[in-house]
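In the form predicted alone, a lone chain appears below as structure tokens.
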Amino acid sequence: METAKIIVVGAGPAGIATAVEAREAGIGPVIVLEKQAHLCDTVVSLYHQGKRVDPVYRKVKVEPTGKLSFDTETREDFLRRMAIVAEDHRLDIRFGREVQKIISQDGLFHVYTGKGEEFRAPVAVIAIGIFGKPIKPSYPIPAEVKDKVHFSLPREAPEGKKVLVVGGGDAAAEAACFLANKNEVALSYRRSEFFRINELNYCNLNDCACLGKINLMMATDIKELTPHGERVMVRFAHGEEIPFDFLFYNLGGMTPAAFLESIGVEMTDKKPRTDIHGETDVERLFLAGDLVVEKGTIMAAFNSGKAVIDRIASRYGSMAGAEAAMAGKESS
């Protein structure tokens, strides 16, 4: 367990800008948690080699309000720029940490990662991107079991249950390892071998399997789900039938709505409610980047990090009360 003044979730343009502005304002320590092994995953994943990165959005140039800015440049030059920014400002970025859950308790945000780590801070900033709806299976999910089938971790993760995780990517591996701490977990994957998860998650998953915490059901396809008392009966294509208390699908795609709601963020027309500084109705919980500005507007994402830190500096100052709460938790 580690503590900081600010936990930033996401090391894209908004997350980096938030950490930079905090350092310039003398607010720290700041820990940035990034699920990928690199900065700016949206640019890395969605921009082809040589693609232009532009501060102009819909023919309007977004002017910088904070420390970070850039002129039109290639994808590669932009990524080099961001790496230099992170190094020059000595940002504490922890790669390979996908945040699974955030709980607000006793004046602190308790942030849990898929690796089983816990970070605590009086202020949290969520700077993740927005993606499409989660991919759902081709077979129907009966209405009678929909409350037991999830596409992201719910507000209250189950404990002492028999759980099936479906998928073979990083999200599935991390969810399985996280849930295995307090549940009997199986993971169903249609291929005989994993091929698209990073080495860290692969090792963690195999460790859990060797310890008997996760049953890896490789080369298995689900044929049907049916109600089975208080459980869900899972019928596999090879003929086996196994009842589970809960199912968690990680087939690709994600939406942060369920994640934000699990923390207590109110939504209006499927969008999170924030003020002009990105602060949600959950005090000291901020949103930055695509969650509060037009998707894909990198300069606006930079500016949102500036707005967040301006509010933190003016409203919460030294955060003495929160620091006292943190000290109390540490000594207990």
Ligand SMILES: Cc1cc2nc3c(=O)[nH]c(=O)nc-3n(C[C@H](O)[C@H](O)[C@H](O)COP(=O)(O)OP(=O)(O)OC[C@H]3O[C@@H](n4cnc5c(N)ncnc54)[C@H](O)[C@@H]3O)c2cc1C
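Numbers follow the displayed sequence, beginning with 1. Rigid core: the largest C-alpha set superposing within 1.5 Å between the two forms. The structure displayed is predicted, hence computed values, not measured ones.
The discussion below concerns the form predicted in complex with the ligand, not included here.
Asker: So if I measure heavy atom distances to the ligand in the predicted bound form, which of the stretches 22-30, 40-48, 277-285, 264-272 falls within 4.5 Å?
Answerer: Comparing against the ligand in the predicted bound form, the contact stretch is 40-48.
Asker: Under a 4.5 Å heavy atom criterion, is Ile312 part of the interface with the ligand in the predicted bound form?
Answerer: No, Ile312 sits far enough from the ligand in the predicted bound form that none of its heavy atoms falls within 4.5 Å.
Asker: I'd like to know whether Val163 contacts the ligand in the predicted bound form, with contact meaning heavy atoms within 4.5 angstroms.
Answerer: Val163 lies outside the contact set for the ligand.
Asker: Taking the ligand as it sits in the predicted bound form, is Lys35 in contact with it (heavy atom to heavy atom, 4.5 Å or less)?
Answerer: Judged by the heavy-atom cut-off of 4.5 Å, Lys35 is in contact with the ligand in the predicted bound form.
Asker: Please tell me whether any heavy atom belonging to Val99 falls inside 4.5 Å of a heavy atom of the ligand, as the geometry stands in the predicted bound form.
Answerer: Val99 belongs to the contact set for the ligand.
Asker: So which residues in 5-36, when you check the ligand in the predicted bound form, have a heavy atom no farther than 4.5 Å from it?
Answerer: Stretch hits, in order: Val9, Gly10, Ala11, Gly12, Pro13, Ala14, Gly15, Leu33, Glu34, Lys35, Gln36.
Asker: So, superposing on the core, is the move of Ala173 at the CA at least 2 angstroms between this form and the one not shown?
Answerer: Yes, the C-alpha moves 2 Å or more.
Asker: With a shift of at least 3 angstroms, figure out whether the C-alpha spacing between Asn201 and Gly15 grows or shrinks in the predicted bound form: closer or farther?
Answerer: Result: farther.
Asker: Say whether the C-alpha atoms of Arg284 and Glu174 sit closer together or farther apart in the predicted bound form than in the form shown here, given that their separation changes by 3 Å or more.
Answerer: Note: Cα gap between Arg284 and Glu174 widens in the predicted bound form.
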